[in-house]
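There is one chain below, alone, in structure tokens, taken in the form predicted on its own.
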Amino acid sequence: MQQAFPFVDRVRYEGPATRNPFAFRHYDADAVVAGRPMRDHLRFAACYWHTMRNGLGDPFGMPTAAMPWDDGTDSEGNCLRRVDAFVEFLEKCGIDRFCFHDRDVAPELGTLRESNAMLDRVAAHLKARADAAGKRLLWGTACLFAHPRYMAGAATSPDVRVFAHACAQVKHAMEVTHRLGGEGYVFWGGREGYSSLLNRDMARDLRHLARMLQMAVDWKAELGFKGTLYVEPKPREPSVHQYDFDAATVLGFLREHGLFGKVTLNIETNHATLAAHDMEHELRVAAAAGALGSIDANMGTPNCGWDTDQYPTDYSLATRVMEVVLSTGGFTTGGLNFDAKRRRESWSPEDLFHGHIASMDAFAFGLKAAAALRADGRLADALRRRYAAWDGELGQRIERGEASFAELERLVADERVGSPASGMQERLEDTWNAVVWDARTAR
């Protein structure tokens, strides 16, 4: 079998001093951090759509990517070659898991029956190749946004036949995910929103979206699928407003429609940016609800209102992400999926490796730094001290719901309450820097 990436044998850990662009400086898969090997903490996954299918076009220019293994057709032979190239990439990059949309793996054909049959054949080849290489499916999903039928949404389409087609497509995508041993299934509502409220019934749209998710929950049980169902929040683009705006919005929606606990969250960094949040905010919202399931690891450009899906090479961002992940006890069925693409001018196959290597090193650094912050303990101690008053008798009675307005009024009516303790933000930021950066640069 001809190699798709003959320029590299395998990316290996060589340590911080290496100058080899095809080596890891921080990611040592079997090195133990906070009691577990790095690979088990990070659970890296590569996405099929950006890695294999993104030609790097944009609204203003044609594709630029060189993909010599791909002849540009939707033939079955070409689909199988893409699978071979993808598994070779996973093996050489040392990535244990992958994610896909159904239409990444096999094309949309004339009818759903024809599309499903093609997907089944290619998925069988993907399973055989992935199993032989020891690669696992983190999660699968259905592409319910690219075809013109989904121009006004899928689950939220005003056309019931479109809704029915979307449900049928999800049903089969869940079957394929189950067949491949997937650990989860994601709903990403790329067009589940509106461009104008003049022609949309928001309340009805939301009920229809909830109905699809409940049917997916029911089908999961009937299928015997043990994986986790995720919703991935995104505020806008391409729609003006999308119903799964951010983590808090999705959590409220799940609670309102009786889906909380049946469906959890897959959080993406660039979507947090588009919602005017930072990633740590979105992760902590999900974690506080016990609903942080998985992460799409990328980053955007804060001053750009577009989902740029850049590789997450920012060490500080990766550290803050891993702080939250460690605080929850770590991933179970989820992981870090690199939903990221090369810049349009980074067109060579080598750049696929450079993007993933840089991101894997960033998160390996972030894991080590987050573990060091937790072991250092000063930030956690400062947080405990700031909330210490709540740990007393009064605070505990309020939190248990045993206090009333009238009682609290009696307690404070004659008090002169001064300023609370200083938040010491600057001191804590300096402590964070000292643990994350100073200790490492001094080595």
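Source: prediction; values computed, not measured. Note that residue numbering follows the sequence shown and begins at 1.
Form predicted in complex with ligand XUL: not shown, discussed below.
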Is T141 one of the residues lying within 4.5 Å of ligand XUL in the model of the complex, judged by heavy atom distances? yes
Does W69 reach ligand XUL in the model of the complex if we count a contact as any heavy atom within 4.5 Å? no
At the 4.5 Å heavy atom threshold, is W188 in contact with ligand XUL in the model of the complex? yes
Does D296 reach ligand XUL in the model of the complex, with heavy atoms at most 4.5 Å apart? yes
In this chain shown alone, the residue from D361, D307, D246, E323 with a heavy atom within 4.5 Å of ligand XUL in the model of the complex is D307
Pick from E88, D205, D96, E232: which has a non-hydrogen atom within 4.5 Å of ligand XUL in the model of the complex? E232
Among 266-274, 221-229, 249-257, 343-351, which stretch has residues with heavy atoms no more than 4.5 Å from ligand XUL in the model of the complex? 266-274
Hey, which residues along 74-109 are within 4.5 angstroms of ligand XUL in the model of the complex, non-hydrogen atoms only? H101
